[in-house]
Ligand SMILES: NC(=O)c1ccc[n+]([C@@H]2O[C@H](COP(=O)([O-])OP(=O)(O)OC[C@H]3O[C@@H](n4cnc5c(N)ncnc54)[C@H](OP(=O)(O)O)[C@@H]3O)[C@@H](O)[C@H]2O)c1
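Here we start with a single chain on its own, the form predicted alone, put down as structure tokens.
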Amino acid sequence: MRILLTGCLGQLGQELRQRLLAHGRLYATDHNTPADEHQVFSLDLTDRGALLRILDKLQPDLIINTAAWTAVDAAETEQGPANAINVVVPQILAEWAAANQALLFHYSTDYVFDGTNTLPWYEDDSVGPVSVYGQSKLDGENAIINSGCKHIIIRTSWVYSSHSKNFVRTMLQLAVSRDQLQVVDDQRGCPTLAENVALVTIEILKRLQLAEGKDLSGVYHYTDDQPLAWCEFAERIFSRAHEIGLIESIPEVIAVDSSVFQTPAKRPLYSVLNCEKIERVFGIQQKSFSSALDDCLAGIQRNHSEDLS
């Protein structure tokens, strides 16, 4: 099987890259490849001609698209670039996949919902993004579905890892220089380790291979198992990091309303995702948030000599 992985140097892409090697011939691409990275080739996905040439040349049986515009606030004023990555690229990949009988994996977000629910969101609940970013991700989903290609779209939320820029690493950086931190308490979701999303992806691939050609295309939710507010997430990070000696002291977390931070983009207040469908179809259960956070912090500790930035 020939596999094309996009965005391979991002949070999820890095977790998938080594794991996919056992499943076929892997071609990994990113938009900004370091000079010393010989196993990755640089590709501007927004260059339609270049993208189609690569697809035609490689003829992948499986496309895993982890590339995304994730700068939520910047998308409000940079709608063109955000849509180019989050809408147009998935559409090109999906149309090619439909024409060439390839399978497309794509990743979406809890931000497709408006956040007004008080119970976890199902895959077929009414969507209503409250930000340009959320709308772009929803439009990307629809482009894939409308193409008619075989696809798996995984919506996830609050993704973090021991590498790259994310909430966990930002909190640890701030813990070094701050005694107090204001953190939002009225937005609730499920923090999810990037490694776990990668493991779920691999498990789905295995299940599909055993499905005897059955088309299980659709949208699926996956997050780790603990709904939290951002302030609660911060407290858990500081508590565990202090216990293992990653930080010397625990900053005081001051819970504040999201109105305190005047961000360009609005966030959904409640974006917990219901993950029953992925368990019913693929037998995949949500992984432990506590274990995931411990694994992440242990990974950061192993590389503590490096700058957290």
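Small disclaimer: the values here were computed from a predicted structure and weren't measured. One-based numbering along the sequence shown.
Only in words, not in the display: the form predicted in complex with the named molecule, which the text now covers.
- Query: Though only this chain appears here, would residue 31 touch the named molecule in the predicted bound form if you measure heavy atom gaps against 4.5 Å?
  - Reply: Close contact exists here: in the predicted bound form, residue 31 approaches the named molecule to within 4.5 Å, heavy atoms only.
- Query: Should residue 201 be counted as a contact of the named molecule in the predicted bound form, where contact means heavy atoms within 4.5 Å?
  - Reply: Contact with the named molecule, no.
- Is residue 9 a contact residue for the named molecule in the predicted bound form, using a 4.5 Å heavy atom cut-off? Judged by the heavy-atom cut-off of 4.5 Å, residue 9 is in contact with the named molecule in the predicted bound form.
- Message: Since only the chain is shown here, I'm wondering whether residue 137 would be in contact with the named molecule in the predicted bound form (any heavy atom pair within 4.5 Å).
- Response: Yes, contact at 4.5 Å.
- Consider the chain as shown here, without its partner, and state which of 162, 196, 147, 157 has a heavy atom within 4.5 Å of the named molecule in the predicted bound form. After the contact test, the surviving option is 157.
- Query: Just one of 97, 85, 205, 171 has a heavy atom within 4.5 Å of the named molecule in the predicted bound form. Which one?
  - Reply: By the 4.5 Å heavy-atom cutoff, the listed residue in contact is 85.
- Task: Within 4.5 Å of the named molecule in the predicted bound form, counting heavy atoms only, one of 241-249, 259-267, 63-71, 279-287 shows up; tell me which.
- Result: Partner-contacting stretch among the options: 63-71.
- Could you run down 43-60 and flag each residue that has a heavy atom within 4.5 Å of the named molecule in the predicted bound form? If the 4.5 Å heavy-atom criterion is applied to the named molecule in the predicted bound form, 43-60 yields 43, 44, 45, 46.
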